[in-house]
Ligand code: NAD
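Have a look below at one chain only, the form predicted alone, in structure tokens format.
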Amino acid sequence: MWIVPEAAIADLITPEASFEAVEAVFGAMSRGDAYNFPVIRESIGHADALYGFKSGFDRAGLNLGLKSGGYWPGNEAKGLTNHQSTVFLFDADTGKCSACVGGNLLTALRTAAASSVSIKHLARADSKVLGMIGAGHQSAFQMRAAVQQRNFDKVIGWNFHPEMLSRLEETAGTLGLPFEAVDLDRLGQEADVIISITSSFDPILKAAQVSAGTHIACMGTDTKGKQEVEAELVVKATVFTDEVAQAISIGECQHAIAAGMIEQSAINELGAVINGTHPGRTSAGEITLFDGTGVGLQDLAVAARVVELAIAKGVAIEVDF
């Protein structure tokens, strides 16, 4: 079995490689070549933590495995990231564990890659203003990935705790972009692309605040009860997701579905747009929304790539297991 420690990940995989892996796996899912198993995600009753498993199998790439981990909200005060996870890969022919890979940076990269894939395929080509809701650890990854897809000339942002907006300002500065803190009304009116990346259980962005033609990537809702935008906005938009089953149960769509405001048939696979079987955005004035629930196959795809690179570079640790 190969072990790739968390500390080695940053020198092995790039955001570009993560993007390619995630885009490919979304296409494979839509073709029926890859599928995710049901997600387990529960409160453990200790340290306010959410813990669970995401797993799946990609028949085309023969990636079989799971990611184990969750969210510990008190970790930042301890000098750790709030999200902690590990990816385990298994040999599809024998079931033997083939690799153990640090999953913290990989989770950040694959989550940012997913929203970036949605921007590539759904945002207006002339998008100029990027709006950010949330300024936690993941927000910097999201911004850096987003600017690879459109020629943005400005970043605007909002956060529950305004003192944290310095992270967005610093990240924008490294990208050569001006940053401005705004209220939610201005953010919804001015942003051509909006990324929400929070752990909210109450809707933040309202339907009335969002302008025509906006693309929204909702990346924080991955648990039953979480919510970043009001259900009316989901109804107003043309909705795409990584996996429909997760979108209706633990994603942003769960609330509109539960209220009977939309049918499951109204939710589209982003992979279908990638494969050319769905047109995606059909007009400049259309609001598109990507419900990024985070699927296990994303983790397996980037982890498998990391193992390949680690072995090639001689930094993977081989153990008899």
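From a predicted model like this one, the values you see are computed outputs, not experimental measurements. All residue numbers are counted from 1 along the displayed sequence.
This next part talks about the form predicted together with the ligand, which is not shown.
> May I ask whether 127, 155 and 189 all come within 4.5 angstroms of the ligand in the predicted complex, judged by heavy atoms?
Looking in the predicted complex, the three residues 127, 155 and 189 all stay beyond 4.5 Å of the ligand (heavy atoms).
> Picking from 219-227, 205-213, 144-152, 89-97, which part of the chain touches the ligand in the predicted complex when contact means heavy atoms within 4.5 Å?
After filtering at 4.5 Å, what remains is 219-227.
> Of 164, 177, 182, 235, which residue is found within 4.5 angstroms of the ligand in the predicted complex when only non-hydrogen atoms are counted?
Residue within 4.5 Å of the partner: 164.
> Taking 4.5 angstroms as the cut-off for heavy atoms, does residue 103 touch the ligand in the predicted complex?
Residue 103: no contact with the ligand in the predicted complex.
> Is residue 85 a contact residue for the ligand in the predicted complex, using a 4.5 Å heavy atom cut-off?
Heavy-atom contact with the ligand at 4.5 Å: absent for residue 85.
> Residue 197 near the ligand in the predicted complex, any heavy atom under 4.5 Å?
Residue 197: contacts the ligand in the predicted complex.
> Within 4.5 Å, heavy atoms only: does residue 131 come near the ligand in the predicted complex?
Residue 131: no contact with the ligand in the predicted complex.
> Residue by residue through 272-294, tell me which have a non-hydrogen atom within 4.5 angstroms of the ligand in the predicted complex.
Result: 292, 293, 294.
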